[in-house]
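Shown below, as structure tokens, is a lone chain in the form predicted on its own; questions about how it binds or moves come after it.
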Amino acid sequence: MNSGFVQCQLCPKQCVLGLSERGDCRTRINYRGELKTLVYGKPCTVHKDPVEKKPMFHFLPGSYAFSLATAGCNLHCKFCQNWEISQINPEDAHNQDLPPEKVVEYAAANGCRSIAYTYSDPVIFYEYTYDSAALARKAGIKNILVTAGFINEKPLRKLCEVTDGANIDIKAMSEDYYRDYCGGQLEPVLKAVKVSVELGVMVEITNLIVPTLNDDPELIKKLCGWLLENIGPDYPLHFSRFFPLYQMRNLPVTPEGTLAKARETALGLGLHHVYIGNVRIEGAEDTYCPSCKKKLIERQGYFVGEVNLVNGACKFCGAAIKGVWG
């Protein structure tokens, strides 16, 4: 572009930046006419988490994921559950120096079978995520994206080359909802889901149910119908409980009945693996065989009990179960 302007091609916002201006995500800057990242190798949060916390229920159950995030996000969800890091500038966070080679080294040293790029959104620390994931692949460690999926197709396709699993958050099947409460768009997210599946990524979907905003049963049905039509019944769907945080402290916690009804609806429409998160409801975290209906994986929170899978199939009837199991 002319006059020192640059345009970011990473996400659908495609910010046009003058000299020294930052993108909407606050992590990318026009530095002397070149687009630069401000968060490469600078995570503000690093943890060893059960992979079930991501949530990834069909991905190496009972294993640990080395989890990290930088500050910033390209969405501005008014109900964000991690707003303390997603909605601040990188220089205002307590950052660590952790280059990609150290990420992989620490993951291995801590017995983690995967690295999860999570908490804020790996889209905005894209270069850091890609380089770390590429090194992890060489070391035999798998990579998980925990993301809102608000990314352009070209960079997503490149990132999928080094990605094994992804939990993609579909906020609601409503463009108005994305515009009014997230500062984004729905259609690019749906495209990201389809592209990720197309490229062989083990995808799981999360839908945070926010009372009075996206808990309409018709929106739940629309989400389930879209999943069935576009990726099929075997990719897990997680309905997650909302807690009043950030700019939505006036709303109540999601009632258990709303979550249970959403799960019942999704199963009734034909989805095979539907879970409830952020609250304990009997059986709602367990995995069942869609063929013989027997329990395959027992869970209590992040604790995994019995696992009745043999080489990725139900040990009772032999039906193949979608996932990354060994």
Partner chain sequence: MSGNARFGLMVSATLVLLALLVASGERKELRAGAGARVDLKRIEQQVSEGKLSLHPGEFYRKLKSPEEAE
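Numbering follows the first chain given and starts at 1. Predicted model, so just to flag it, every value in this text is computed and none were measured.
One more form of this protein, predicted in complex with its partner chain, exists but is not displayed; see below.
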Handout entry: Interface segment, criterion being heavy atoms within 4.5 Å of its partner chain in the predicted complex, picked from 78-86, 93-101, 114-122, 251-259
Key = 93-101
Problem - Exercise: residue 272 in contact with its partner chain in the predicted complex, heavy atom 4.5 Å - result: no
Practice task
Indicate whether its partner chain has at least one heavy atom within 4.5 Å of a heavy atom of residue 287 in the predicted complex.
Solution key: no
Practice task
Please check if residue 165 has a heavy atom lying within 4.5 Å of any heavy atom of its partner chain in the predicted complex.
Solution key: no
Handout entry: Contact test in the predicted complex: residue 40 vs its partner chain, heavy atoms, 4.5 Å
Key = yes
Fill in the blank from the handout: Note: exactly one of 154, 138, 194, 222 sits with a heavy atom within 4.5 Å of its partner chain in the predicted complex, namely 154
Handout entry: Answer option from 242, 235, 126, 181, heavy atom within 4.5 Å of its partner chain in the predicted complex
Key = 126
Exercise for the section: Look at the candidate spot formed by 24, 33 and 185 and say whether its partner chain comes within 4.5 Å of a heavy atom in all three of them in the predicted complex. Expected result: yes
Exercise for the section: Within 4.5 Å of its partner chain in the predicted complex, which residues of 8-37 have a heavy atom? Give them in sequence order, or say none. Expected result: 8, 9, 10, 12, 13, 14, 15, 16, 17, 19, 20, 21, 22, 23, 24, 28, 29, 31, 32, 33, 34, 35, 36, 37
